[in-house]
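Just one chain follows, in the form predicted alone, and it is written as structure tokens.
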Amino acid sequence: MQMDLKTVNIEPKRRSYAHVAARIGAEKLASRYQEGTFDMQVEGPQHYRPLWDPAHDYFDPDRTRIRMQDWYAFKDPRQYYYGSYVIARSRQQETAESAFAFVESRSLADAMPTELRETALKLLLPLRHVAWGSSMNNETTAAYGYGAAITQGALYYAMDQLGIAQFLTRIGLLLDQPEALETAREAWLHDEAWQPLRRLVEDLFVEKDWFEVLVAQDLVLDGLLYPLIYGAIVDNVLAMQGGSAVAMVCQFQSEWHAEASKWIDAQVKAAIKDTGANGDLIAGWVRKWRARAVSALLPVAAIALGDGAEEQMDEVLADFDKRLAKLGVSA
């Protein structure tokens, strides 16, 4: 007996969920990011309004002055959903752990000049509180924002900042004794150089418009702080003076900011493109918080740069303004 075996190709009736297919087309195969993002926002009847804010629903687009025709116009250029985000950060964690292990095993921190080590401690350890504040401010967006396309990215940003605060704590323990953390906390609370930055971060805690918080924190403050502190000072000043150990253990912050900038830039572009009035709102917020961020960061930069802080800030500002111009925002 002869048997002929044949293969049969069974075409699926649909390649994705109906609500995803409605956005990308029925013939296209949806990515995990698209399936985990599109139309996940709760809509329709929401039982009752919160007693602490009876003017809004729990999930309410009116919590910001930004208006969007489509709240899923926001996209993450990294295509992060929970799985891809965790995998990416796990790999970066391994790299960071290797850097800490390398510095510790070779006692590179002990080889740093005493004055340089003290400067690094004074500059970096209070920034733990700035990173924690950034985490809180992005959790505001995650809690009160509208549309999973932007709220999930804000939550990832918040978790990243929490991780950065922990890395800075480890740097403090690497360079000094645990008492250095308490010294940094006292500086954050009472040192004159840190009070403008502390005031800025804490003012954002009570800002009601979640998109303004996003612009002020992620675009403006972090857009100036990370190039100034980790680019100009840590990589270009401390490293050249014998602090290469500090630059090695701050590698995550530098790499993370380059990646996170792409995310916040994409959100701002999407908002401006969707509705013209959004551009004027965002430009006004940038001007408002840019001036405060510059005045707050100057005394912090002076801890390491002294009289050269203002010149370095001008260079950082020039690059930042070029970035804004590409986004279509006038500073």
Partner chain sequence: MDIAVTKKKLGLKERYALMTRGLGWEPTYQSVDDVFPMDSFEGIKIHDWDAWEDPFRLTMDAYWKYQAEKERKLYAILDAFAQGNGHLTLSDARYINTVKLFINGLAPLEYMSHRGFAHIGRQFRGVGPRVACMMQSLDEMRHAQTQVHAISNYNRYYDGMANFRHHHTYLPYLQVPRSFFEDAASGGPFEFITAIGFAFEYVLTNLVFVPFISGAAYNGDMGAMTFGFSAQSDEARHMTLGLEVIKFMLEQDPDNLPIVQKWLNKWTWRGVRVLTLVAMMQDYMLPKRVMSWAEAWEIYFEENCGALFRDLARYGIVMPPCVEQVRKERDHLSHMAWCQFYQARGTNNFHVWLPSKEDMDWLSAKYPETFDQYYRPRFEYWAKMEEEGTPFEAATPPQQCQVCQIPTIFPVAGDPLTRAEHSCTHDGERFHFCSQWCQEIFEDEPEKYVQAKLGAHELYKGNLFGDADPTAEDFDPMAAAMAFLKLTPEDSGLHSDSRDAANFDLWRGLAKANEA
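Note that this is a predicted model, so its numbers are computed, not measured. Positions refer to the first chain, counted from 1.
As for the form predicted in complex with its partner chain, it is not shown, yet the points below apply to it.
None of 293 to 301, 259 to 267, 45 to 53, 272 to 280 except one has non-hydrogen atoms within 4.5 angstroms of its partner chain in the predicted bound form; the exception is 45 to 53. Among heavy atoms of Asp307, none comes within 4.5 Å of its partner chain in the predicted bound form. Heavy atoms of Gly243 never reach within 4.5 Å of its partner chain in the predicted bound form, leaving it off the interface. Of the heavy atoms in Ala101, none are within 4.5 Å of its partner chain in the predicted bound form. Contact annotation: Leu238 falls outside 4.5 Å of its partner chain in the predicted bound form, judged by heavy atom distances.
Proximity to its partner chain in the predicted bound form, defined as a heavy atom within 4.5 Å, singles out one entry of Ala193, Ala73, Leu162, Leu116, which is Leu162. Residues Pro178, Glu179, Leu181, Arg185, Trp188, Leu189, Gln195 of 178 to 196 are found to place at least one heavy atom within 4.5 Å of its partner chain in the predicted bound form.
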